[in-house]
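Consider the single chain below, provided in structure tokens and representing the form predicted on its own.
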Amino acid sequence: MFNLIIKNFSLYYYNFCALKNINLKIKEKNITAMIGPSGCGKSTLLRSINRINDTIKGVFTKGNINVLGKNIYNTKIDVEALRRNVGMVFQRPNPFPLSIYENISFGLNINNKNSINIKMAVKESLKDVLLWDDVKNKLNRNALNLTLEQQQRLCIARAIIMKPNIILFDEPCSSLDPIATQRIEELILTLKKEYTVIIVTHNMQQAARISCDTAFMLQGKLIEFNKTEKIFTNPMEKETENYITGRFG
């Protein structure tokens, strides 16, 4: 089943076309990687899926992005509800300058989830990202005192406590050392049991290690989309082969 379908989607910054007629279907409870050289549009496409690009002046779009059968660019869409359903983890960990507990519970508190046992939800989210044992006696400490890896796990916990259908990762390991990167990759692999995961990465080895499907983008276009093994061993398009083999990018 596909819970994310992108149809004839283009995005413009004023007169510049950054994304050109993208068509893509993403399977649920699957890890999809987006690869390509810097400036190819992969992060722009990722940020279009929860409409973060709306905050940029001069941006307008054509076409549809359907999440669970609803066009998220419909004028009647509740963008805040969309962003709760499509969580985002950024390139560099961005915990709030608050306690660990306040960081994780932040979304539930501002969305008035009164029927939820917030303490239990915080505990479960921290357990899900394998952070609970490290911080269970430090929940009132400032989250900025955590290591970078712990901060990124916290940001993932902050996203999943809202029970989204989709989680977007924009270069989530770029600021981490190799050991921390491996641990975050292992965590992402566990998340696909419950969530649809889309990850933008410059690290082709990372895409090969953790993704099921891979999209290769170049100059705002989707050049090829296929099973990851197929992309890396027998790509259909010459541009994909050139990028995979290091001839450019």
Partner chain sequence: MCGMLSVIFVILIFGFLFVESFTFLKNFGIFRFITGKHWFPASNPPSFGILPLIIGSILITFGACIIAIPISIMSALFISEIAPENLRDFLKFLIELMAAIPSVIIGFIGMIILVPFIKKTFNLSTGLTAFSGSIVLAFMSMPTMISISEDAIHSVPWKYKEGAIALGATKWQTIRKVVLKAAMPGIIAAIMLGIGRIIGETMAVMMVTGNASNIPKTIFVPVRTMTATIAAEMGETVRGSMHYRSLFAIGLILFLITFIINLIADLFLRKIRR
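Computed from a prediction, not measured in an experiment: that's the story for all the values here. Numbering follows the first chain given and starts at 1.
Quick note: we don't show the form predicted together with its partner chain, though the next part is all about it.
Chemist: For this chain shown on its own, do V86, F90 and F106 all sit within 4.5 Å of its partner chain in the model of the complex, going by heavy atoms?
Modeler: Judged in the model of the complex, V86, F90 and F106 all sit within 4.5 Å of its partner chain.
Chemist: Let me know the one among A143, A159, L126, C173 whose heavy atoms come within 4.5 Å of its partner chain in the model of the complex, would you?
Modeler: Contact with its partner chain in the model of the complex is made by A159 alone.
Chemist: Pick from L130, L98, I118, I77: which has a non-hydrogen atom within 4.5 Å of its partner chain in the model of the complex?
Modeler: It is L98 that has a heavy atom within 4.5 Å of the partner.
Chemist: Give a yes/no on whether D134 approaches its partner chain to within 4.5 Å in the model of the complex, heavy atoms considered.
Modeler: Flag for D134 set to no.
Chemist: Counting only non-hydrogen atoms and a 4.5 angstroms cut-off, does N94 reach its partner chain in the model of the complex?
Modeler: Contact check for N94: yes, within 4.5 Å of its partner chain in the model of the complex.
Chemist: Find out whether any non-hydrogen atom of I179 is located within 4.5 angstroms of its partner chain in the model of the complex, and reply yes or no.
Modeler: Heavy-atom contact with its partner chain at 4.5 Å: absent for I179.
Chemist: Evaluate Q205 for contact with its partner chain in the model of the complex, applying a 4.5 angstroms cut-off between non-hydrogen atoms, and reply yes or no.
Modeler: No.
Chemist: Have a look at 194-202, 45-53, 31-39, 61-69 and name the one stretch with heavy atoms inside 4.5 Å of its partner chain in the model of the complex.
Modeler: Looking at the other structure, the answer is 45-53.
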